[in-house]
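Next up: just one chain, as structure tokens, the form predicted on its own.
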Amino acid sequence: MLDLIASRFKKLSPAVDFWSLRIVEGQSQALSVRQDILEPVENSGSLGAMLTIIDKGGAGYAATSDLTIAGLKQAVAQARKFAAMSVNRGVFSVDNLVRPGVSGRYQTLSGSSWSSTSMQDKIQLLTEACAALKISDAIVYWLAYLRYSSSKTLLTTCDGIRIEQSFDYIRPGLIAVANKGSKSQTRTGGGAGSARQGGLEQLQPLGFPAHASRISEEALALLAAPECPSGRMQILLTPDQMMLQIHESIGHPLELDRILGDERNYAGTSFVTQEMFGSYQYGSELLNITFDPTVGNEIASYAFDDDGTEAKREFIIDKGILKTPLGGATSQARAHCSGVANARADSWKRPAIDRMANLNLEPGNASFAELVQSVENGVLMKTNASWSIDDSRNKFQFGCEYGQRIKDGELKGLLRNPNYRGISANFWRNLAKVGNRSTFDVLGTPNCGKGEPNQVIQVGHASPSCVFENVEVFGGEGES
């Protein structure tokens, strides 16, 4: 179908300085069993194209789901109209934009495709997983879900460039809520809140459905746990919390379009300025952050971004020093600086904007036991439960589902409602110990929102467990 649309457009391609056509086809299916009842199966699909035209110093876009000759002609007319209107009205010269220069292909490697297992078998898996969550009458809410989506894109240009990419995504999850009197505690697992590229083979490494009884046991145990203490202390964050810490206090502040002011009316600006790149001490020497769309099963892996820029692994922060912004070709042309291949759109009807893609914290050399032993007085925290960050992506506050006291290098009893707050650069400069590959996990969020109109997209984050010094910790019910 994508080839047919591309050949159809080629017959009427406009005589302009440059054009590109990005065709996107998407499908998804969502299954869930809530409190032992199968919910309605959700299916969705979409097919459309985004046309970009650059001509005589102007740029115009038009998106359409009418992929007939008539529909494509109308899109050409609309894009040419907008291009003519934008001449001498842009914030930078579109003649400086770098065009896609290499053709190529990418396909998610799936060991066990979604279609290889029948609907009946998938529902049976969910039914058993949901039942495994209900280990006590005190579990008042329990849910098992499994979501799959796929996307195929074809980008063609007037220069003869052809880029084909095909993606498969899997999103499993388990949720258990325990209640006793006025207290409720939630534990999630089995991939909840995360996602990976691949097929059903990704369920096992994400702990689905094997973690079902454990997360319910932990939810029950947290009901009887004391409130997290308050004070300045060390914290040990596992990858499922590091994921959001990286996302909010490194990823979003370093998006170049945000630094240039594009998000200020919607989601704020950034405390980072262009002058900081190359010299600013963002974190301790242990902080090494890579933009890496080459990790096979990480959710935002690809060979080319949606503007057709070839993707490669690059250091964004090297030994604590801020190096490179998260800016695609358009932002790079605006800011006259280097960047990465991270111009991405969430569908055919949106133009690409700067997104963080796979943003990973590189592992260190400490085992988990060594991380714990390094903490004299602190709290282990797992799994994000709440977050808040200011409109410059600087001051933040996060809450976690699960806490455990660490005293004199040993794990002690459970703590409920652990929270911490900080300021981004100060926090990362207090990074004291980084876990090795054995503490490392590949995760990611499937629902990062940005842009006007809003775009919701998948973002990958892989990280080891990490220890931070001198962090303000507090409980959910005041000091104790």
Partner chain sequence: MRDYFYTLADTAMKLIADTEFATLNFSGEQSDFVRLNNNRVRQAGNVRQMTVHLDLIDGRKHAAISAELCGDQTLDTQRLKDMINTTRKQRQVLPDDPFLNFATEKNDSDYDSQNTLPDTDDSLNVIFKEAAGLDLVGIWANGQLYRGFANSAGQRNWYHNANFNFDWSVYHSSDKAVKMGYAGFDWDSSLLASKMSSVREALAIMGKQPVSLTPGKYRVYLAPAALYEFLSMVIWQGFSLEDVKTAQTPLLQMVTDGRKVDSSIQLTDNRVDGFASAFSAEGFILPDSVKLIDSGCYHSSLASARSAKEYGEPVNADYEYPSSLDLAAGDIDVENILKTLDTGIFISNLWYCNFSDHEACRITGMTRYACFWVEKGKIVAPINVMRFDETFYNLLGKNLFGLTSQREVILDPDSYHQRSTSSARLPGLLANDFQLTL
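The structure presented is a predicted model; accordingly, all values stated were derived computationally and were not measured. Positions refer to the first chain, counted from 1.
FYI, the form predicted together with the partner chain isn't displayed, but the following is about it.
Student: Does Gly413 reach the partner chain in the model of the complex, with heavy atoms at most 4.5 Å apart?
Tutor: Although the partner chain is absent here, Gly413 would stay clear of it in the model of the complex, with no heavy atoms inside 4.5 Å.
Student: Does at least one non-hydrogen atom of Val442 fall within 4.5 angstroms of the partner chain in the model of the complex?
Tutor: Outside the cut-off, so no.
Student: Even though the partner isn't displayed, in the model of the complex is Gly111 close enough to the partner chain, meaning a heavy atom within 4.5 Å?
Tutor: Output for Gly111 is no: heavy atoms all beyond 4.5 Å of the partner chain.
Student: Taking 4.5 angstroms as the cut-off for heavy atoms, does Ser46 touch the partner chain in the model of the complex?
Tutor: So Ser46 counts as contacting the partner chain.
Student: Report whether all of Arg147, Gly378 and Gly409 sit within 4.5 Å of the partner chain in the model of the complex, measuring from non-hydrogen atoms.
Tutor: No residue of the spot touches the partner chain in the model of the complex.
Student: Mind telling me which stretch in 174-182, 203-211, 159-167, 298-306 gets its heavy atoms within 4.5 Å of the partner chain in the model of the complex?
Tutor: After filtering at 4.5 Å, what remains is 174-182.
Student: Could you spot which one of Arg334, Lys134, Arg99, Lys152 gets a heavy atom to within 4.5 Å of the partner chain in the model of the complex?
Tutor: Of the listed residues, the single hit is Arg334.
Student: So which of Glu285, Asp390, Asp95, Glu128 reaches within 4.5 angstroms of the partner chain in the model of the complex, heavy atom to heavy atom?
Tutor: Of the candidates Glu285, Asp390, Asp95, Glu128, Asp390 is the one lying within 4.5 Å of the partner chain in the model of the complex.
Student: Could you run down 249-272 and flag each residue that has a heavy atom within 4.5 Å of the partner chain in the model of the complex?
Tutor: Residues within 4.5 Å: Leu260, Gly261, Asp262, Glu263, Arg264, Asn265, Tyr266, Ala267, Gly268, Thr269.
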